[in-house]
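Shown here is one chain on its own, the form predicted alone, set out as structure tokens.
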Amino acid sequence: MINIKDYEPITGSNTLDELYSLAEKLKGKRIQNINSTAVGGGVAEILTKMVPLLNQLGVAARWNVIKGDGKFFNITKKFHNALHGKTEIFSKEDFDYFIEVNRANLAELDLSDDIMFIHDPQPIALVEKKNEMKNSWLWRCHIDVTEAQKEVYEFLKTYIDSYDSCVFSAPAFSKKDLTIPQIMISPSIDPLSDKNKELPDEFTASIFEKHGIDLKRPVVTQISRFDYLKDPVGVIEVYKKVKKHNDCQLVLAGGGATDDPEGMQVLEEVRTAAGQDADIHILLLPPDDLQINALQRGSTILLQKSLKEGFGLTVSEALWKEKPVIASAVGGIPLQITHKYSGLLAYSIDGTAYYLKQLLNNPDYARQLGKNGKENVKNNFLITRHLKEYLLLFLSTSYREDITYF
């Protein structure tokens, strides 16, 4: 297990001293995180790291996962898509079943911790218990709801307004119609995790050899779960446009989340789009962060061609490896990339293809983007900064101090 003191060579001792000082003020307080999946997706990944580190700092933090069946997760996947702006059709039964499953979880969960930290829409209705408790409730929204389908947003808003405050990942995600305080806390990466730590070159080479990818030729990679909003089919279109002018290989690699029932359907569409091209490598990976790390480190250029994003931590992961990144200017990605300085922001398939050709033809420029990108992540998107902001949030909640609006 990673020890909080292991971050000192990266962040310096003053950062850790500050974390211990803040944590000391939370002694005796209990914090419970609740989300919908223990494996897959950015929320689970963050909590897997964050909760143990909070405990090492002396904060009594724990993490629970709600239960749900296929019907429930199909409904919440439609919620997810609708909140990102996709038009979905809902029946009254969908909303009723969503509430029914949340209430079934209410009957099983102990919700008595001093601070209840609820993540994303799936468990949002647990706040129905708030009036019976003498604790604080926070809702953490990890997705961009600025173009949300009105029907779904208004349904969820009836619950959001019952929380003491809510947390968004970027200032642009804030909602003027909410009656509760809103706080911005960007997600982060763990530089010492298996997904981000330094790897021997021999190990990286072995992963590429295992999947039949030629490291002697340029490799363009997108690491994401197979989801329509990550636009993997669009990535293949980009590759095909570039391939006419530049020799390269394409890697589309990722896994799935237990609360995402659409993944296999998207994967099949990606395989169809790839056809028989031997230079397109579609990798459905098990939960193996070392493989993902190696694929990022060994690639020439990394893409994140999302149509919508909550934040897009795969961008920070790629930049941390000093890799040039071309990403869509959506969600929290523009917070991570300063265009033409620490990466490139694109708005279309043609734009992504243009920048990809530019980087393949100018490796010195690509290397400089990667160096600038790593420095930006070090200064702004490491887990120690995230821990500090969560500790400050918990302190402000615990002592009922005023929380500043956006």
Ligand code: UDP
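No experiment lies behind these values; they were computed from the predicted model shown. Note that residue numbering follows the sequence shown and begins at 1.
Another form, the form predicted in complex with the ligand, is not on view; read the next lines as being about it.
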- request: Determine which one of 273 to 281, 217 to 225, 151 to 159, 167 to 175 lies within 4.5 Å of the ligand in the model of the complex, judging by heavy atom distances; exactly one does.
  value: 217 to 225
task: Consider Ile124 of the chain shown here, and say whether it contacts the ligand in the model of the complex, taking contact as heavy atoms within 4.5 Å.
output: no
query: Does the ligand get within 4.5 angstroms of any non-hydrogen atom of Glu147 in the model of the complex?
result: no
task: Using the partner position in the model of the complex, report whether Gly312 sits within 4.5 Å of the ligand, counting heavy atoms only.
output: yes
message: Considering non-hydrogen atoms and a 4.5 Å limit, does the ligand approach Asp190 in the model of the complex?
response: no
- request: Note which of Lys78, Lys195, Arg297, Lys129 lies within 4.5 Å of the ligand in the model of the complex, where distance is taken over heavy atoms; exactly one does.
  value: Lys195
- prompt: Can you pick the one in Glu322, Glu269, Asp289, Glu237 that has a heavy atom within 4.5 Å of the ligand in the model of the complex?
  reply: Asp289
